[in-house]
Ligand code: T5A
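Presented as structure tokens, the chain that follows is alone, the form predicted alone.
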């Protein structure tokens, strides 16, 4: 089973992914965790270009999409797909929905072209379940102020508002896959909801 965690900046994706991993492993499941962009030597190098560069000197929007796609292609072929074939539950911090939210919603790139690039990069691999941790943009960015801020996080507030709106639109278009959760709820409460949904999904899958 392939499960992804999505959301705007500061939503708590990494925290919830880690809690789910711990619970599943304690129940005896084989779990692999990874993240985007990165997770492979090629992906880690691309991550530096995408996130560590200055806002004005970083890649243009079209190049940004292609770099994310290149990192994702490596991750799918070298990490995610092999683990799924071995029967692992794969948990990934960001995936295709991030590209649609940030590059279509935030950057304003054509949806059809971005979707073609992402399908090509992944070979059509779609998550079985996606948790979208949603919260107010200002609240999320305030959470991030205590950490190192990357190039994406330094974008204007309107950029992040468009990202959030695109995420919610994606959720409305795929309610069977994307579960929207209020990221302001207590961490343990969110973890319990996520765990319950995953166990239900595993039970349904046999």
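Values in this document were obtained by computation on a predicted structure and should not be read as measured data. Positions refer to the first chain, counted from 1.
The following text describes the form predicted in complex with the ligand, which does not appear among the structures shown.
- At a distance threshold of 4.5 angstroms between non-hydrogen atoms, residue 170 is out of contact with the ligand in the predicted bound form.
- Using a 4.5 angstroms threshold between heavy atoms, residue 43 stays clear of the ligand in the predicted bound form.
- The closest non-hydrogen atom of residue 195 lies beyond 4.5 Å of the ligand in the predicted bound form.
- Not displayed here, the ligand is kept clear of residue 164 by more than 4.5 Å at the level of heavy atoms in the predicted bound form.
- This chain lacks the partner; the member of 180, 31, 152, 137 within 4.5 angstroms of the ligand in the predicted bound form by a non-hydrogen atom is 152.
- Proximity of 9, 68 and 143 to the ligand in the predicted bound form is complete: all three residues have a non-hydrogen atom within 4.5 angstroms.
- Interface residues of 99-121, taken as those with a heavy atom within 4.5 Å of the ligand in the predicted bound form (partner not displayed): 99, 102, 103, in sequence order.
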